[in-house]
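One chain comes next, on its own, written out as structure tokens in the form predicted on its own.
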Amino acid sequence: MAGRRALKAVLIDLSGTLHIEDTAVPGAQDALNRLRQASVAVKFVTNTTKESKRILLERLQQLNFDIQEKEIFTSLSAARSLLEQKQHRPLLLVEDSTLEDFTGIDTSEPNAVVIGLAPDHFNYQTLNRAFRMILDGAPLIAIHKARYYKRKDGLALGPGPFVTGLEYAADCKATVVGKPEKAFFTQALSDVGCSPSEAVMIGDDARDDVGGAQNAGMLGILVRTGKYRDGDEKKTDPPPYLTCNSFPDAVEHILQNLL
């Protein structure tokens, strides 16, 4: 903690940290309400590419989480910003339920490949089309490269293996826009007006949530819910600032020790 300033913001992962699909982590709603009573800004940062921000917000509100749309920063938002900046026309390999977050983006005669989690579209024909586009010079943009995530029926492949397959086949390197990229965390923090040394990240992914946040200069708290597996805290260097059982325990630590 040497050299750190007073805590001003808490960044919170969603899937696996606050909820798993349509089930909330026990006690998470009350813990979030307690955190909101403290003098810190709260921002929700997610790599989810399974649904649009609007659908995600509806899911969270149905689970009785006190969350506003402006508080959610998604990797889909980061991808859209990059497309607008570069004026790319993307081939969007994402779930249909996320397409509304790309409304207004020109997708005619695509000249870039954007890939997220798209189980309904990860077939040979579609991936081969993306492969050929990349060979012809189209940039490969990965919304994120998570290896796997947690569903109610168990762990499931994330977009990472498919991104890596295209990188290998086309001998290229994807531009990643979501966690664990430093720019993703920096952009999220700029929305709440604080520096990394004044923030802490809570998440269930040792590499993307905790490792990414700590590489950006934040503290990282790993929770043993969602995709967490025994030994995950040993997968990052430096290790997490703290590993605890669940989001309510993380909030309790923050309230007792960081404020």
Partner chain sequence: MGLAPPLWVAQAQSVHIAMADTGWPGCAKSLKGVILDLCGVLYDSGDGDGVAIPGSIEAVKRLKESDLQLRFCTNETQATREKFVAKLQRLGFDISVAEVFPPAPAAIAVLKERGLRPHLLVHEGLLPEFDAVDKTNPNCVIIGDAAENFSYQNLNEAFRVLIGLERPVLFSLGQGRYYKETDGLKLDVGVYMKALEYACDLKAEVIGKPSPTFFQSVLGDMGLKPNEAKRRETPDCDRRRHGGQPGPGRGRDPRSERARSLRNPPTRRRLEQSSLCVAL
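Only a predicted model underlies this, so the values are computations on that prediction, with no experimental measurement involved. Numbering follows the first chain given and starts at 1.
This protein has a second form, the form predicted together with its partner chain, left out of what is shown; the following refers to that one.
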property: I105, L82, A170, L91 - the one with a heavy atom within 4.5 Å of its partner chain in the predicted bound form; result: A170
property: In the predicted bound form, the residue from K43, R34, R207, R59 that sits within 4.5 Å of its partner chain by heavy atoms; result: R207
property: Partner contact for A78 in the predicted bound form: its partner chain, 4.5 angstroms, heavy atom; result: no
property: R132: touches its partner chain in the predicted bound form, heavy atom cutoff 4.5 angstroms; result: yes
property: Any non-hydrogen atom of R54 within 4.5 angstroms of its partner chain in the predicted bound form; result: no
property: P110, heavy atom within 4.5 angstroms of its partner chain in the predicted bound form; result: no
property: Heavy atom of each of R224, K227 and Y241 within 4.5 Å of its partner chain in the predicted bound form; result: no
property: In the predicted bound form, segment of 83-91, 158-166, 68-76, 97-105 with a heavy atom within 4.5 Å of its partner chain; result: 158-166
